[in-house]
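Just the one chain here, the form predicted on its own, laid out as structure tokens.
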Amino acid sequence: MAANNTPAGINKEQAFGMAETEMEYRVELFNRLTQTCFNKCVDKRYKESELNMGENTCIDRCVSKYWQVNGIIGQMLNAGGQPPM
């Protein structure tokens, strides 16, 4: 007998729709993260084919802060708008 991985009360079509929405959210999040950190950290006048040390460091910090803030916002939404402790 195959295990049913969908939560109780949700049919397969609803589960598929939820998974599709989650995937769209993740793609949009990645695109915003990429665009935000690229615009902030990479010089508009390309001088080299590779990122320099300063650009690498900036992107690393930008991505880290972006994920940290995204996590905090997710916690706040799950807690009904209350800031995490």
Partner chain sequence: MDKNMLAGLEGLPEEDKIRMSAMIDHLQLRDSLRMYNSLVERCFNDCVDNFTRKTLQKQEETCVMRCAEKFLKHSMRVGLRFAELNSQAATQD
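Note that this is a predicted model, so its numbers are computed, not measured. Rigid core: the largest C-alpha set superposing within 1.5 Å between the two forms. Positions refer to the first chain, counted from 1.
This next part talks about the form predicted together with its partner chain, which is not shown.
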| in the model of the complex, residue 77 touching its partner chain (heavy atom, 4.5 Å) | no
| field | Interface membership of residue 10, its partner chain in the model of the complex, 4.5 Å heavy atom rule | value | no
| said: Even though the partner isn't displayed, in the model of the complex is residue 72 close enough to its partner chain, meaning a heavy atom within 4.5 Å? | reply: no
| Does the distance between the two CA positions of residue 28 reach 2 Å or more between the shown form and the other one, the core being superposed? | no
